[in-house]
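This document opens with one chain alone, in structure tokens, the form predicted on its own.
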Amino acid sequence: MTPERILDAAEEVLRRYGPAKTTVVDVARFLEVSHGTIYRHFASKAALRDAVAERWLHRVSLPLAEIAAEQGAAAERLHRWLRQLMVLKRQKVLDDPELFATYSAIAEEAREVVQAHIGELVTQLTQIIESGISTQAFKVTDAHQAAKAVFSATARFHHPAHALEWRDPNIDADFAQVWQLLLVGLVVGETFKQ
């Protein structure tokens, strides 16, 4: 029994029963093992749920990390990174809204995991903005503060609290306007201060 197999089973059980009704015993029953087997890999129900949330969020951050690590024009990469984040989140809502609701509920409980995920995404944005600063495409002086501002400014397009808005037929046009505003700020080079 591997942690990955347990996580696969936990995802399936969560899909079937939802977070409120899913227990470690349910996951063990699904795998046809004792609940002690699960506890050998995950110390508690909360640890198992955190691992499920972390795995889910990693599926979002991994393709974004690839964009952040690429070479090329920072503005183009930043735009593609933000679009990809928006598309990944939107797909999860539109393709399987019940599963998205389940994962969102789990993520609400896994605050440390979510904060680590946000930190990872802001680090990726920082990497892109730093490359723009190094080529003088961006004039901001603090890449990390600019990254945090970009992430916050685009929350409507990727934060689960706004999921109902993602069906709006104008969402892409709204994103295009926000993107233009952000790009002007990065190119003009206001100093971001805490």
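All figures in this text were calculated on a predicted structure; none of them were measured in a lab. So that there is no doubt, residue numbering starts at 1 and follows the sequence shown.
Same protein, other form: the form predicted together with the DNA, not shown, and the subject of what follows.
- With a 4.5 Å cutoff on heavy atoms, residue 34 counts as touching the DNA in the predicted bound form.
- In the predicted bound form, at least one heavy atom of residue 44 sits within 4.5 Å of the DNA.
- Contact check for residue 159: every heavy atom lies farther than 4.5 Å from the DNA in the predicted bound form.
- Contact between residue 25 and the DNA in the predicted bound form is found at the 4.5 Å heavy atom cutoff.
- In terms of contact with the DNA in the predicted bound form, the residue from 39, 30, 166, 151 that brings a heavy atom within 4.5 Å is 39.
- With the partner omitted here, the stretch from 44-52, 140-148, 59-67, 127-135 that lies within 4.5 Å of the DNA by heavy atoms in the predicted bound form is 44-52.
- Looking at 171-185, no residue comes within 4.5 Å of the DNA in the predicted bound form, counting any heavy atom.
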